[in-house]
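In structure tokens, the next block holds one chain alone, the form predicted alone.
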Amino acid sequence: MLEILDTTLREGEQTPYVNFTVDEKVEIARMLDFIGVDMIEAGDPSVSPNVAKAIERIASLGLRAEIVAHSVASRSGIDKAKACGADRVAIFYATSKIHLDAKLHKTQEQAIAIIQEHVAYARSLGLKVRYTPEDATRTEFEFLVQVCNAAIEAGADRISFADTLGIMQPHVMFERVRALRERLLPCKIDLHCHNDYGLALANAMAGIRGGADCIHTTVNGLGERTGIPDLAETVMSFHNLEGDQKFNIQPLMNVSGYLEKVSGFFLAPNKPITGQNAFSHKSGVHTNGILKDPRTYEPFDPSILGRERKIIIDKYTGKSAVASRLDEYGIEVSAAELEVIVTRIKNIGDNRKQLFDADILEIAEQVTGREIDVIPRDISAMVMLEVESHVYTSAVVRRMRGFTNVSHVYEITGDYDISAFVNVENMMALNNLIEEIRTVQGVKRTETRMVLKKYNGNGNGKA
């Protein structure tokens, strides 16, 4: 059965411009444990005092997951891992010729001696040990086998096969791991696959088929350069495609959303599983099929993740999707009226980027000649925004000033950082605007206050 080590707190924090507080790390660890990951790599305590403090706090939580501390092959680093209360230390030392020659200036024999010494030292402290031959996929295979077996003989019970540059292809990964499995002394094999060519999860799945035991993941695929396999994508791939239902899938969206907030690293809309568009349907052929049976164009039911499907109405839309949207508002139209409504939607769609429900209802009013009084009209509101601490408020202000329906923007004191005065034609338009504001990078949360009455500055009358 698949094992997952999540390294959001180590590899994930190595994402450019990403830094977590100690409290955020503790919360992330709790969320990962609830999902059921087998191991949580909580960080390298030699990096900073706060990293060490976070590992210590996480190790004291009594989580089900094994807590792993990362370390170079040094006694001081291993001592810090022990002091933090970690269950295991992951010792890494590069083995490829380019790393040994250009970075470490060591011979193969010297590297083996260093690795054995430090694995044995960690075991003497009572720590479980995983050894990572950094840049393993570019290491000469016979030497890789030799160095890994030396680490196992010294006390390591796990070897992490690291595709440090993401250069593997699935068929090569399968063969390489299968050969490694046959040649290594008894141990478990982890897979640390980078995503430089977009093949990280495919390589990891191939490695598992080749005989490996564990995949390293991060939430939202964070990590150095292009990251490593995404936790949600890994869990759902094995859950649905391999029948491995070991992990709790309901919290996946929550941890993904939390990481977006605390990392400032925002997901592409088309990202699998957790992206905004993962269950959105636009083409008329697709929406027609989805409305008849969602299985026609959805690989699995989004409700198992607590998500809902979304039908996009624009120039690609067919009659069934428009009729379904009107039906949501209790609006009945004839076949002839529906035909005209769809035609107008397509014409408008050719001239604008996005069509909102308010636009659809306005078109329906024009075509039917009936007033459709389902959305309150002429709305003014104050939208309050809290900005992420690592984002300049002025950057969000500049973005807010670009919205057509935003008339004034203020930087303010108090619980919120920005106040925007907005004027929209109806409640649906306000809802659409708020949703769009929430997508602005750096916006942590919003609060909207409807304007009930408006007065001139002298207080003598309503405006």
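One rule holds for the numbers: they count along the sequence shown, beginning at 1. Not measured: the values here are computed from a predicted model.
Keep in mind the form predicted together with a small molecule is missing from the figure; the text below concerns it.
For a residue to qualify, one of its non-hydrogen atoms must sit within 4.5 Å of the small molecule in the predicted complex; none of 25, 46 and 50 qualifies. Within 4.5 Å of some heavy atom of the small molecule in the predicted complex lies at least one heavy atom of residue 92. Although the partner is absent here, residue 137 sits far enough away that none of its heavy atoms falls within 4.5 Å of the small molecule in the predicted complex. Proximity of residue 13 to the small molecule in the predicted complex: non-hydrogen atoms within 4.5 Å are absent; the residue sits far from the partner. Using a 4.5 angstroms limit between non-hydrogen atoms, residue 237 is distant from the small molecule in the predicted complex. Between the small molecule and the residues 164, 256, 317, 116, the one pair within 4.5 Å by heavy atoms in the predicted complex involves 164. Shown without its partner, this chain lists 96, 160, 195, 274 as candidates; in the predicted complex, only 160 has a non-hydrogen atom within 4.5 angstroms of the small molecule. Contact annotation: the small molecule lies within 4.5 Å of heavy atoms from the stretch 127-135 in the predicted complex, the single such stretch among 173-181, 127-135, 303-311, 79-87.
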